[in-house]
Structure formats: structure tokens, C-alpha cells
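Only one chain is included here, represented as C-alpha cells and corresponding to the form predicted on its own.
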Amino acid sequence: MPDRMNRPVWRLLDTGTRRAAENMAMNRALLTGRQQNVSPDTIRFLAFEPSALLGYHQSAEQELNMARCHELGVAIQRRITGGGAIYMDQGQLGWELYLDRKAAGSAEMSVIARRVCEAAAGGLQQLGVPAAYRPRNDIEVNGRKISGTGGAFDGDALMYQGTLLIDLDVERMLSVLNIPAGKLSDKAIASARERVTSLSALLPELPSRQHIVEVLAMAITDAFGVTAEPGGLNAAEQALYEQALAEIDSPDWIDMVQKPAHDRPVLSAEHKFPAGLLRVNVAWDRQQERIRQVWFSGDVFVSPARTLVDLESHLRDTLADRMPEAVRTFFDGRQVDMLGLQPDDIAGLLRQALQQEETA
């Protein structure tokens, strides 16, 4: 890599903790600004006041426990990108890249994900955390997720986002999302804790936010052969931000997609296999005949332990008629011990759950 003094310069933008609407408006302003070439290549750090964030195409009535959100004072907001509903608060540090396609170095998202995640994992290693990239787009520590990432191109502009778990309230997160009651049991919560980790759980003393930002920023910019200098919004970006905020900070934006909860029923099935009891809950999109989300539970033996969690992610937004193939594709080439439990057994249990819809 060239000497740092002669490298291209990105802007380092730290917008601190903000309301969800403000963070979403900033997403749009920076992505639009980069696309219109009025924004420099930027690395941004951010945090949220307690918020439940919908994917762009999702309905709050279907995805969130609305009563719990109101009870806890959790703001409801809609992202400018797709994906599932997530919970965010000050215990999670967000980081984002806004880059021109040339600066991204590739048009392949898998290539970008590896480059960014390996860099961020290297930064966490400098903090004393043995982090590693896990395809497709996660960073983990000893098999437990500490950061999830994802990106999208808009024309020649890239927005790539990541979230680092500083501290995580698993019970609070699960309670605001619309998931089966069985996933809120003590055992299920304990299982969720085993799948993720955070800096506070891994380090005897938590570094300051500023130090974490500096280490991650340097690790990522080094990976791209650039440097970063602190800056703020320019006049064009400020105008884009105010325009976006006027639209996003409104009930019309949040309620843009409204689908009744009964159009996303949760279908369930369970079976006792030699490997143990396996239970499945399926969030079903009745209109599109699509599996929106899957949750596995029970006492079935599976090694590696996170296999079923990864299968849950793999099956998101799968059309019903493609489900068996999706299950088989997931297990192809994986070394998994399930005490005789076969991929076709899992597909059969899913099919059993879906058959409830046919008889409804």
C-alpha cells in the first residue's frame, strides 16, 4: 500500500446518537449525494435511540409487537433498504461506507463484503477480540456473531452498512419483534444469547466509543488503501438531509406499507426425531405464498450448534415451492452432525407446517 500521506482521502463522519428518522434521512442524503457526486467517499459512524426498524417493504402490524414498542418507548421507523425488522439502541455501534463504484474496488457484493468484514475483524483484533469474517457477511468470535453487515448499489453509489454489538439486551430485542411466544421462553432467550456476543462480554474493560471508532476507521481505510479525515455535511448534503427528513419523519412514511397481521400467520409443526425434538414456526406471507421467516427450537442435537440459526437466515423470503431445494442447497457441502437427522426430514417438517395453510 502507498504511504498514508499520499493516499486518497475519505471523509470520516461521526453523527453520534440520533433518532431513527434522522439516521434514515442521513442514509438517503449520503447515498443520494454520493450518486450525484456532491458527496465525497465517506465512512460514517452512528448510533440509535431505542428503535424498531422495518425493512422498506414491511408492515409494522406484521413485524412488530406494537404494544411492547409503545410500552418501552421504542420508536418505529422504516429503512430505505429491504430486509427484515431489527432492533437498535445505544448498545450497537453502526458503521457505514458511502463509496463510488470505483472506490469500492468491485461491483461484486460478495467481494466487497469479504474485504470490509475482514478489515473490520482486523480492527476488533486490535481491541483484543479474536474476530473473524464469516461468509456471507458476518463477523464472529468463536462462532458467535458480533457484527452483521450488508450493502446495496444505487447506480454507481454503494452504501455498505455494519453493526457492532457493544452491549446487547436480548430480552428487550426479542420482545419488540413479532416472533412466536415460544422464542421468548427462558430457554430460548438463553439460546439466543449463545449465538451472539458483544464487546462488553468479551473484554474486561470496554474501550471508549472514540477509540473503537478510530480503530475501526483505520482498519477499514487501510484495507482500501486510503486515509480518512473528520468532516461534516456540506451545503448540498444538508439540503438533501432536510428534504429526506421531511418525508421520513412522518406517519405517512412509517405507514407506507400496511398489511393486516392475519395475512402473516405463524404456522407451526413439531416432531420427535432420534436426534431430539425439533419444532418449527414459519411466518407465512399469504399473498405471495412465501416463507418470510423461520424459527427452529426444541432439544435436537446439531453440531455446529449455529447450523439451524444459519438455516433460518437462508430460508428467509423463500417461495414455498422452492423450500425443499433451498434446504438441500443449504446443507450441500456442509459438515453437520445431526444424529441421523436428514435435510429431507427438516424439509418435511417445514412442509407439515405449511400444510396448515392449505387446510385453513
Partner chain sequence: MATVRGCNLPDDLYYNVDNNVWARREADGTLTIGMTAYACSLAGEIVSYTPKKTGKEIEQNKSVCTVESGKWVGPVKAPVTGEITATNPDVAAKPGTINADPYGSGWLVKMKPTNWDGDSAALVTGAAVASGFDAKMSADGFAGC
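Residue numbers count along the first chain shown, from 1. Rigid core here is just the name for the largest C-alpha set that superposes within 1.5 Å across the two forms. These numbers come from a predicted model, not from an experiment.
What follows is about the form predicted together with the partner chain, which we do not show.
Heavy atoms within 4.5 Å of the partner chain in the model of the complex are found in exactly one of 226-234, 152-160, 202-210, 266-274, that being 152-160. At a distance of at most 4.5 angstroms from the partner chain in the model of the complex, all three residues 83, 257 and 287 contribute at least one non-hydrogen atom. Taking the partner from the other structure, the partner chain in the model of the complex has a heavy atom within 4.5 Å of a heavy atom of residue 292. Proximity of residue 62 to the partner chain in the model of the complex falls outside the 4.5 Å heavy atom cutoff.
Proximity of residue 317 to the partner chain in the model of the complex falls within the 4.5 Å heavy atom cutoff. Heavy atoms of residue 221 never reach within 4.5 Å of the partner chain in the model of the complex, leaving it off the interface. For the residues 77, 197, 178, 137, the 4.5 Å heavy atom test against the partner chain in the model of the complex is passed only by 137. Between the partner chain and the residues 51, 42, 35, 297, the one pair within 4.5 Å by heavy atoms in the model of the complex involves 35.
Shown without its partner, the chain has 101, 107, 108, 109 in segment 97-116 as residues with a non-hydrogen atom within 4.5 angstroms of the partner chain in the model of the complex.
Core-superposed comparison between the shown form and the other one: the CA of residue 150 exceeds or equals a 2 Å shift. The two forms, fitted on the rigid core, differ between the shown form and the other one by 2 Å or more at the CA of residue 139.
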